[in-house]
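One chain comes next, on its own, written as structure tokens: the form predicted on its own.
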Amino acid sequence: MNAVKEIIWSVINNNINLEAEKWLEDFKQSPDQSLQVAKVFVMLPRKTGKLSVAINEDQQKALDTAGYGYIRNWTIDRLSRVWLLSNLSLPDKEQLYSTLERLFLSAEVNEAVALYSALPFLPYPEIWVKRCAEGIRSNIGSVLEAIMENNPYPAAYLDEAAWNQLVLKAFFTEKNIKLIVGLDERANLQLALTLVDYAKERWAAGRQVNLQLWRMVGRFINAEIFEDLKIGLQHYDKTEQRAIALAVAESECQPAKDYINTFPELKLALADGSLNWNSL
């Protein structure tokens, strides 16, 4: 993580003036960070500005390799706040937790976005699980996106119930499902059953289902789910039929596979390999 912090600092250096750079460095060297962090955290955008970060080719390559290439879409104040939080030097995890918890409780929207964006960079990752789960209950779109999209923390540390809540909330709030880190690795039977119920509610209301939903169902198709999938195959649009067919192809449910083969177009699409989750 230290190497990543160094890259991030080099990006920040390229995007702020000397006055802001000295201001951040002075804070990093300060012996009483716990007394200053709230004020510095709030003031930071006035020092750094709020423009999108500019990242050179070498920095982007290094960030991509480390798995943090997504910060290219951040603003400089967001990135600087994450750097500031990840470099806090406090005596122990209890003081770190209490200090950041105060920031969470008083945060306005952009501050909350930075706080949740910082979760993968903070020490003692186990102590932020409850805070992350609390964040999923937010109704603020940008805060949810900071938690759900391009954030490796939830997949790595949330328990199954909180993870499933995150995924379901992402569908409810129409977030970019493809940007959820660990989506395939954290798929589970309970989530599949919940998502099928959600799809049935959408069908009953005459609404479309996000095709990525079926990506998390395929491996868990059983006799019960198969009966529900028939509804989607028989009554809805061709695009969703193709998504369901792809899910069935990833399952071990032979009756469902046999049923898909009764649809010549779907059978052909699966056979020629043209179907995949990125193409849907």
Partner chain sequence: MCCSSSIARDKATMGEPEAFDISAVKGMKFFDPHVHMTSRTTDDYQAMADAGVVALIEPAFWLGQPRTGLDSFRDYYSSLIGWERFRSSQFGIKHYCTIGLNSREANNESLAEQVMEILPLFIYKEGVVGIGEIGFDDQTAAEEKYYRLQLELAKEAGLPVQVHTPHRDKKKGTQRSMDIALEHGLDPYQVIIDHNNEETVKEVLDRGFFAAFTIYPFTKMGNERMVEIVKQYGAERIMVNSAADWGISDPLAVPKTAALMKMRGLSDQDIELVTYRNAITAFAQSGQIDEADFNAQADLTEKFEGNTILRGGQQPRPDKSSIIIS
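Residue numbers count along the first chain shown, from 1. As the structure is a prediction and not an experimental result, all values here were calculated from the model.
There is another form of the same protein, the form predicted together with its partner chain; it is not shown, and what comes next is about it.
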**Output flag, Gln190, Leu193 and Glu201 jointly within 4.5 Å of its partner chain in the predicted complex, heavy atom basis** = yes
**Message:** Taking its partner chain as it sits in the predicted complex, is Arg207 near enough to touch it, meaning that at least one heavy atom pair lies within 4.5 angstroms?
**Reply:** yes
**Prompt:** Heavy atoms within 4.5 Å of its partner chain in the predicted complex: does Ser89 have any?
**Reply:** no
**Request:** Using the partner position in the predicted complex, report whether Gln95 sits within 4.5 Å of its partner chain, counting heavy atoms only.
**Result:** no
**Request:** Verify the contact flag for Lys169: yes if a non-hydrogen atom of it lies within 4.5 Å of a non-hydrogen atom of its partner chain in the predicted complex, no if not.
**Result:** yes
**Sole residue of Glu160, Glu185, Glu126, Asp197 within 4.5 Å of its partner chain in the predicted complex, by heavy atom** = Asp197
**Prompt:** With the partner removed from view, which of 78-86, 118-126, 137-145, 177-185 is the stretch that lies within 4.5 Å of its partner chain in the predicted complex, judged by heavy atom distances?
**Reply:** 137-145
**Prompt:** Which residues in 100-116 have a heavy atom within 4.5 Å of its partner chain in the predicted complex?
**Reply:** Leu105
